[in-house]
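Form predicted on its own, single chain, as structure tokens, below.
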């Protein structure tokens, strides 16, 4: 993968954001991200296939058939094969895997992948109803008004009951602090200008079930975000065609994809079992283990999801994720730096773009392009990992990358 690009993750928290003012549409975000990548790879003539990841523009924006926007990005993409894919919040990584499979199938040497979502078109409570489509919608009537916060509030509550509330809440607040501190180092992050001094105290705000959910506060939640991310997936022939050196690329070493029954409740609310299954597949295909990872981009749609993902990865035993986080192990200088530009909580969560944004961040880190957010990449740990989750641990894609 080469030539990654992120638009600004736009939403509350950005100084430019004003819900009463007209903002860019889907097409503007796609064009910005797509043209930025095309400019780095020698233009549209070098592209063989196109993939766009988008979750639910048909409801947020009343626009479907998003593959048709590729010729709008650039006239040179007219008549090129293009497809739109969807898998709730895991859509971006599904778009990446679709491009990867085209390269492996040798139907393309260069695939342009764009992820996009524009969600600030409705009020939050209406957005929660739209986003409930990522779950089993027949549960909507009996579910919380804030459907997915309700789902992960239940997971947090189960974890509190099994392993203790105080330490887990403190770890969730630490996760929030790490996310915002990392976002402050990335100019495109939604929380880039967050200047709160005591982030952990803010993260410890007591949940208010009367206005939100039982076990999460709003700081435990990812953002309502607008934005797009794009990256080129290429074969070695495509690399030469685009004029890139291998050391400036990240190599896709393996991926794991797993799906669970959307109609069934989780077998254990304190375990992300589908995440664990996808991780096992990715590590097996890549031929590596977690100790070789330099950094992880984790799907922290909620702080509790981040802690559960650390346990699914095996960095901490079941029930010991909070201890691992509180010890500083997931900070940018810790054992395994997680979400170095802020993740979903700090950078933002334009759902269809998130998985692509994760890949762009790994590309930037492994090739030294991350600017102020750059971490040290040790020679003995040249690998990066992305975990992109759709729904309540239902649609999972994990990808392992290596510095070229």
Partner chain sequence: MEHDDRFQNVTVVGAAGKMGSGILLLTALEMADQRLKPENTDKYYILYALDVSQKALSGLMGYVRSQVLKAAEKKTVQLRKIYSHRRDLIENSEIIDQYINDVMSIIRPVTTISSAYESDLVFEAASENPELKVRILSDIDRNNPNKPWFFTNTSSIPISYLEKEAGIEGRVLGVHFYNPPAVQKLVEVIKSDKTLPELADFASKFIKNLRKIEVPSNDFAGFIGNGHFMRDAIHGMNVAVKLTSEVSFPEAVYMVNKVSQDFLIRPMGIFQLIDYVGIDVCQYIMKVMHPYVKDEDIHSPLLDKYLELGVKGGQNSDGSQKDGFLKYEKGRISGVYDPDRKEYVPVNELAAVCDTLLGEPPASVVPWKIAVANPKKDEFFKAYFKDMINMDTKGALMAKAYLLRSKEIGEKLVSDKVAFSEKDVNTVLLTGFFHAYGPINNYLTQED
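Computed from a predicted structure; not experimentally measured. Positions refer to the first chain, counted from 1.
Omitted here: the form predicted in complex with its partner chain. The next part is about that form.
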Contact residue in the predicted bound form, chosen from 192, 212, 324, 152 - any heavy atom within 4.5 Å of its partner chain: 212
Single option in 81, 143, 334, 314 placed near its partner chain in the predicted bound form, where near means a heavy atom within 4.5 Å: 143
4.5 Å heavy atom contact, residue 320 and its partner chain in the predicted bound form: no
Residue 105 within 4.5 Å of its partner chain in the predicted bound form, heavy atoms: no
Partner proximity in the predicted bound form: residue 245 to its partner chain, non-hydrogen atom cutoff 4.5 Å: no
Residue contact check: residue 282 to its partner chain in the predicted bound form, 4.5 Å heavy atom: no
Residue stretch of 250-258, 227-235, 177-185, 134-142 approaching its partner chain in the predicted bound form, non-hydrogen atom distance within 4.5 Å: 134-142
Sequence-ordered residues of 113-130 touching its partner chain in the predicted bound form, heavy atom within 4.5 Å: 123, 125, 126, 128, 129
